[in-house]
Ligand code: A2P
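We begin with a single chain expressed as structure tokens, specifically the form predicted alone.
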Amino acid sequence: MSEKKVNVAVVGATGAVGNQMIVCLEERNFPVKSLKFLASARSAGRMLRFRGDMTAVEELTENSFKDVDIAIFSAGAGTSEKFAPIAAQCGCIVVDNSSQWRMNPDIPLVVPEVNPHAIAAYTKKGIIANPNCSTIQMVVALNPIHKKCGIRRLVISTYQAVSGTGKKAVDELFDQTRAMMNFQNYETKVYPHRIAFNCLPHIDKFMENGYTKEEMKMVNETRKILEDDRIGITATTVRVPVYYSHSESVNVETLQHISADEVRSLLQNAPGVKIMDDPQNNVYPLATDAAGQDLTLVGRIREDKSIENGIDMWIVADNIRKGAATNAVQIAEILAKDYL
């Protein structure tokens, strides 16, 4: 980490991901010179803690970015669409966690373990995009395989925690579960159907092609991050009654043959990956294992016997940490070290 200290702003500081960004900045000993908390007018005045000091949240305005070196955004696509260019015009580098800029060809989409070199392109717009949570954990595990033998096709099924929708969804799962266990009526507000004791094959809006926006994010973002538009990708994304951590079943068809043992060896030394793969002793990644940490957990690695070059994997990571906050802070660390 560079000795130079950096003026940082967290936009959307009072939200779940914004709060976790503040935690990550402290945990990772980010070289903060000053830290500004920004949010909507209704959150202005709230006090947040960083390194033992309490600081008031400020209302996000067009004048919020004077003398800020890096602004980490987690406040939704609409806020990012309006304020990220304003911040960039002030000379601030934006790391944006929303979906607003991810597929803009002039804006890098970055997972530091996979394509840190892409950060250099931030100079075009002054903005770097943080990928979708389910995409981040998958490409961390896939990148070593893609580099070694190439990927022809991916078939993905995700099992995503309600925290990916936000606090209201977490509360809804809790309230519905409690109501059902007590034989009481429950309310459905956040999701179109009950989430407690249920699985909803519906994340984000349905598109004309029959896929959801979440599914197409995984398709398009994976190709951009791995820098290979030739990869065939299909995805089904499912919301499940789990509070934290997304789980994914990923079938990988490679261009060249690779054995399950070779995949384990590759991933054993891959940055950001932890192997949990001893099924004979019931060792495989669980959502509860991943919650609260930054590693991507990989297990159930086996050869797909239905095709010539196929590997199956089970991939789990904390969607609020590595899937959002930690990835953004890692990008900011590289900016502070190599570009400021």
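One-based numbering along the sequence shown. Since we're looking at a predicted model, the values are computed, not measured.
The protein also exists as the form predicted together with the ligand; that form is not presented, and the subsequent description refers to it.
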item: Which of 35-43, 62-70, 288-296, 309-317 lines the interface with the ligand in the model of the complex (heavy atom within 4.5 Å); value: 35-43
item: The single option of Gln176, Asn143, Ser74, Thr135 touching the ligand in the model of the complex, heavy atom within 4.5 Å; value: Ser74
item: Sole residue of Gly166, Gly91, Pro85, Pro201 within 4.5 Å of the ligand in the model of the complex, by heavy atom; value: Gly166
item: Non-hydrogen atom contact Val23 with the ligand in the model of the complex at 4.5 angstroms; value: no
item: Exercise: Ala328 in contact with the ligand in the model of the complex, heavy atom 4.5 Å; value: no
item: 4.5 Å heavy atom contact, Ala13 and the ligand in the model of the complex; value: yes
item: 4.5 angstroms heavy atom contact with the ligand in the model of the complex for Thr79; value: yes
